[in-house]
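Next up: a single chain in structure tokens, the form predicted on its own.
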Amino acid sequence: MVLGLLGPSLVLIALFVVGPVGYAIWLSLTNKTLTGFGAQTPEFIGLENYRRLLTSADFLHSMGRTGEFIFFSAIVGQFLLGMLAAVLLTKSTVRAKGLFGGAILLPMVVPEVVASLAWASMLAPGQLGTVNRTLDAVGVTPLAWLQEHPMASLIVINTWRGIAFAMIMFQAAIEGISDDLIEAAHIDGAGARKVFRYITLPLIRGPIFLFLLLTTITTASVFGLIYFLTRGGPGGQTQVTSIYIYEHSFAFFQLGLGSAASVIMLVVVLVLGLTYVRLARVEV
């Protein structure tokens, strides 16, 4: 009975998750290419692609940039601003909650391509961009944001896109805390900061680590936003691993090498995911 109910789901998981992962692992062990002799008759080369990647400065730098992008935009930016927004929306003294929440939710419904084009226009160099026009009005010299500060710009944009998801998760978790606990803490003399630190945060540990798990996975796979805005440039400053995989797989036609890079990224994300799950299980 149980297998009958789970059967369709298991088939879909096998077709669209297990199958592609297994095929990617097989490709990573070959010299498969999209053109030339490696396209028709790929050869098994074992761990050669992994050796090349782990000794490649370009790949290791792309992994470092991916870590920087995840840490500052997801773990720091989205977490802190999403938590702040959630706390404000749970306060009875805050007015215009609908307008405030709607403004934060708006980036979540904007397609990635549309968001990329909008930010490209806003960050355009000289007097063409909205940001530079605003800065020029207050006496700040206009900048070429995507050329002079590309990674910082991408971090801000990705943070902007992810605040809504963090806010939804944290607001639901905070509202699930019993009011009796909060009132008892206030009666014992605890202020708002102590209540948040010693009661709210420990009780929403599970949702926090669930958010960190999901946002780490989604941020590690961000491609369209970066590709449309910088294409990994200038000078490779924003070449994260997703861009590296795309370039080597479909621009340089090294499908085996690109598959190996994707498998390495998958292993890293799995390790981070298991770490988050383990930390979420710690009793408080």
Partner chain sequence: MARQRSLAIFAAALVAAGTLAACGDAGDESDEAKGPVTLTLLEYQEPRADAVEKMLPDFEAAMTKQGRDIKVKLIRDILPDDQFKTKITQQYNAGEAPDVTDYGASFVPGFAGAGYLLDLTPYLKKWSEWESFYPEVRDQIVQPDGKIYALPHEANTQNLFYRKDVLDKLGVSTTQPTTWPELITRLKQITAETGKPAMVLPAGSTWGGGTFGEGFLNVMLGTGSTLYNTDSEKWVVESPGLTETFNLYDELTNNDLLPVEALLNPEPWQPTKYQAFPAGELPVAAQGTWGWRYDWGPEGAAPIPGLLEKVATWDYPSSDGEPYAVSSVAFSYEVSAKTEHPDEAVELAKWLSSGQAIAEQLVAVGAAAPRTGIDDIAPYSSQPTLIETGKQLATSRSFPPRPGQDQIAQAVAEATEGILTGKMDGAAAAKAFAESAKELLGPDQVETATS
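Model, not experiment: these values are computed from the prediction. For clarity, a rigid core is taken as the largest C-alpha set superposing within 1.5 Å between two forms. Positions refer to the first chain, counted from 1.
Another form, the form predicted together with its partner chain, is not on view; read the next lines as being about it.
Checklist entry - From the list Val76, Val140, Ala144, Ile177, which entry has a heavy atom within 4.5 Å of its partner chain in the model of the complex? => result Contact with its partner chain in the model of the complex is made by Ala144 alone.
Next on the checklist: If we define contact as a non-hydrogen atom of the residue within 4.5 angstroms of the partner, is Glu68 a contact of its partner chain in the model of the complex?
Outcome noted: Contact check for Glu68: no, nothing within 4.5 Å of its partner chain in the model of the complex.
Checklist entry - So in the model of the complex, does any heavy atom of Phe37 sit within 4.5 Å of its partner chain? => result Looking in the model of the complex, residue contacts with its partner chain include Phe37, since a heavy atom lies within 4.5 Å.
Checklist entry - Would Tyr50 sit within 4.5 Å of its partner chain in the model of the complex, counting heavy atoms only? => result Contact with its partner chain, no.
Item to check | Non-hydrogen atom contact Phe44 with its partner chain in the model of the complex at 4.5 angstroms | outcome: Although its partner chain is absent here, Phe44 would stay clear of it in the model of the complex, with no heavy atoms inside 4.5 Å.
Item to check | Residues within stretch 236-263 having a non-hydrogen atom within 4.5 Å of its partner chain in the model of the complex | outcome: Read in sequence order, the residues that approach its partner chain (within 4.5 Å, in the model of the complex) are Tyr246, Glu247, His248, Phe250, Ala251, Phe252, Phe253, Gln254.
Checklist entry - So with the core overlaid, does the Cα of Leu54 end up 2 Å or more away between the shown form and the other one? => result No: Leu54 shifts by under 2 Å between the shown form and the other one.
Checklist entry - Comparing between the shown form and the other one on the rigid core, is the C-alpha shift at Phe37 2 Å or larger? => result Indeed, Phe37 is displaced by 2 Å or more.
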